[in-house]
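The data below hold one chain only, encoded as structure tokens and taken in the form predicted alone.
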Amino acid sequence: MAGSYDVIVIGGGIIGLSCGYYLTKQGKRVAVIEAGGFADGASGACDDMILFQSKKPGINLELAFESLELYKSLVGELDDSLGFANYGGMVLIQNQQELEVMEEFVTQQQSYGLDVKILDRKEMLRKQPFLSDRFIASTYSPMDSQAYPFAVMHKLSGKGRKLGMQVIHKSPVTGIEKDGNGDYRVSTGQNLTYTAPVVVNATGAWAGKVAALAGAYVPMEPRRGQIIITEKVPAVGETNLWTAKYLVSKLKSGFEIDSTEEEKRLGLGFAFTRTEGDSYLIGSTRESVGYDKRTTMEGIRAIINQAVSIVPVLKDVNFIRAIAGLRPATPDGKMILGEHAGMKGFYTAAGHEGDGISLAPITGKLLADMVCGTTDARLGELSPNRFAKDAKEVS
């Protein structure tokens, strides 16, 4: 027996550490069990976006507002800048069809409280003078922000440990079962067993596999995202950048993306964000390739070619590194957060896809509130039980 706790959090990425930290703050004895080392999963191979403009009005946008405020408070609480920055963001628009969709979308977001607007080409170039000629307009929001995932995880882990949280690395979970007292027994590859009345499955792309160990159903697809990193360079314009093409395809049914077969196969999208270290993270792909986390020459070449075509001055910049991680994607594009029906004490907090960094603080706080008996009525639509019908079909 390795130890008995109030809560065992499985998964030591940014979501698991956030859950563990906020549970510990509420007085729970918590063990966070991670299969790999520090930042071995998606949290260590992602960009740093706290992005608002990609979100439709609804629960995800609401939670992003709340998560941003938590990030601001965590800067003081964890005594670190966390790489938090507020550069703002622009979504680049290249034709009239995209412009019409984005104008409607921006109006919806404005009505929901997001500070965002459409810039004409002249206004766009004031903020980003190095863009390709093909863009006719852009959106702009000063709210789009970012935080450095490694700093956030390091500080959540460090402060959590000071409060009593245990963080256990290199311990893949191999079994989850109930004992005669109603506690969960969580076994690891080290032949150690941890017990607790509450288990939180925060394993990202592996959440379906971990849930199955306990007899629960979580539909989760890993989507590989490849990103390249530049050398340190002077700032390229004022803001971070994305393109509207992928977003518009999700917003407008029947919208035809003008993409090559390679771009479709890779799920290629454009994101361009400046880091605290004065380099840029440029991505990315969305590939359904199972649990393969390798970077590929095809993916790297496609990202670089796209980046140079959008921001031509990048042809004179060195690209020094490439990384890849697995985004956890659910069938409906919303994260899973809540307790499983018929499995008292078994929770899942996963499925954030590209919003793990953005929503990590609010996910941890809401999960801790749930475990401690306070449930936010809005979270019903994020419950794992929304997939109950699919679970019966699988069984």
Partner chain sequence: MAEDKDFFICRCEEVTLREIEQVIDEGYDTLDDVKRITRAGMGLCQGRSCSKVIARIISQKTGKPIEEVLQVSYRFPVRTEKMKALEQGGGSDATDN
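Just so it is clear, the model here is predicted, and its values are computed rather than measured. Positions refer to the first chain, counted from 1.
Here the subject shifts to the form predicted in complex with its partner chain, a form of this protein not shown in this document.
Remark: all three candidate residues (Ile304, Lys315 and Phe319) come within 4.5 Å of its partner chain in the predicted bound form, counting heavy atoms only. The stretch in contact with its partner chain in the predicted bound form, judged by heavy atoms within 4.5 Å, is 307 to 315, chosen from 88 to 96, 101 to 109, 307 to 315, 177 to 185. Taking Ser171, Thr243, Thr285, Ser157 one by one, only a single residue has any non-hydrogen atom within 4.5 Å of its partner chain in the predicted bound form, and it is Ser157. Interface residue among Met335, Ala64, Ala35, Ala39 relative to its partner chain in the predicted bound form, by the heavy atom within 4.5 Å criterion: Ala39.
When its partner chain is considered in the predicted bound form, Lys122 lies well away from it, no heavy atom lying within 4.5 Å.
Within this chain, Arg294 lines the site of its partner chain in the predicted bound form, having a heavy atom no more than 4.5 Å away. Looking at Glu298, you'd find a heavy atom of it within 4.5 angstroms of its partner chain in the predicted bound form. Using a 4.5 angstroms limit between non-hydrogen atoms, Gly277 touches its partner chain in the predicted bound form. Residues Tyr148, Phe150, His154, Ser157, Arg161 are the ones in 144 to 165 with at least one heavy atom within 4.5 Å of its partner chain in the predicted bound form, listed in sequence order.
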